[in-house]
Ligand SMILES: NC(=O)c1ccc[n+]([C@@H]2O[C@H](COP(=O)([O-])OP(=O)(O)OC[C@H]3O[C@@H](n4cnc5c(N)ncnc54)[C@H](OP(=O)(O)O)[C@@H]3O)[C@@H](O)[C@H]2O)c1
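Shown below, as structure tokens, is a lone chain in the form predicted on its own; questions about how it binds or moves come after it.
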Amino acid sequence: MTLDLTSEVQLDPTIQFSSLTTLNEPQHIFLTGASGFLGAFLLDSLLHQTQAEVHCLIRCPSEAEGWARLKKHLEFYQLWNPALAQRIHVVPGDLSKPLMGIEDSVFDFLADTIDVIYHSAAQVNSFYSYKALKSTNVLGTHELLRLAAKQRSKPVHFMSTLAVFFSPAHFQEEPVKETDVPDVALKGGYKQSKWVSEALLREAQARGLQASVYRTARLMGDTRVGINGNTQDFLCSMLKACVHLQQVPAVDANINMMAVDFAAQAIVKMSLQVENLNRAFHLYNPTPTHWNELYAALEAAEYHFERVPFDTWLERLKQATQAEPRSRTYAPVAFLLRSPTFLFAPKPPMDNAQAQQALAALNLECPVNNEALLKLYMDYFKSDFFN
């Protein structure tokens, strides 16, 4: 049965938005995804760039357990700051449940207290179908919009992905603009769930919601110590497979990747400018990284490889997968390489004029993935991931 994504865009008719007063300096912020990769850095940026109290939705049965989980997560990224912790409030919940799993009284309190919402949480899994991701990624967005509408309207800042444009409809000579609407013909459950979520936001905007969408490229470790908690990413998995196979494919491909701390800083600073509301932004690195630069960084980290044609490497990967069918090193990469938009496949050209304008106004410039930064990433992978 063919999945009809347009029929999935159903926003409760009772969710309506009144006019709102936009605040440059919010006092109370609601954040989802603080226990994720980008979300942890968004929380850090919100604490440093505002004076607001940040209410973090954490999937947990109790506030105490949520606090323990969040503190450990921030410590992992070296972001824990006891002096700022008093401004963090843990909200136990679950995106996949009605009202995001938040108790009715707490939901009402938040609806009356919150000034602005940042939605970063999502279940990210390239193997799962849309059906498997719908409850968290789509229904979670739906219930977040319910919170945005209740009592008084609150602006929403939604974290999405450039991959919503990775469909045949956008493979053309003209770059995809930030004002373009993604075509519905998408493959892959995660991308489909983001498409539906963005469509729900557009429906909410038609009813009066003020919302901004931030579509990011591949996020890599931070620029301080290179920590990367997103090691299930295709690129990370690919690099690990190369290390274990002691082979790298000889390919001519650019990979767009952006440091997570810069992405978070840029999103928060852009979001605090009133003129950026109701806009979409393509956040990617203006200086892409060639596969050969990553290969050189691996060699600089004292890994030695045989450089082989891609088809030869792919056959070696298949052999390794058959020999170790339960390996978490080989099987995921073999699966992901079946995708028509896999790591080395051509991507549609992107335009980010709105993001460039907003970043220039804030004097923000995306870090180039130079030799020093790539070394930082490889040193972290070598110490914690490649083994």
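None of these values were measured; they are calculated from a predicted model. So that there is no doubt, residue numbering starts at 1 and follows the sequence shown.
What comes next is about the form predicted in complex with this ligand, which is not displayed.
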TL;DR on 156-164, 292-300, 305-313, 82-90: the one with heavy atoms within 4.5 Å of this ligand in the predicted complex is 156-164
Check: For A121, is any heavy atom within 4.5 Å of this ligand in the predicted complex, or not?
Finding: yes
Practice prompt. Spell out, yes or no, whether the shortest heavy atom distance between S35 and this ligand in the predicted complex is within 4.5 Å.
Written response: yes
Using heavy atoms and a 4.5 Å limit, would one call R59 a contact residue for this ligand in the predicted complex?
-> yes
Is H28 close to this ligand in the predicted complex, meaning a heavy atom pair under 4.5 Å apart or at it? no
Contact with this ligand in the predicted complex, heavy atom within 4.5 Å, among L95, L239, A199, M270 goes to L95
Exactly one of Y190, Y284, F262, F107 comes within 4.5 Å of this ligand in the predicted complex through a heavy atom, and that residue is Y190
In sequence order, the residues of 193-210 that place a heavy atom within 4.5 Å of this ligand in the predicted complex are K194
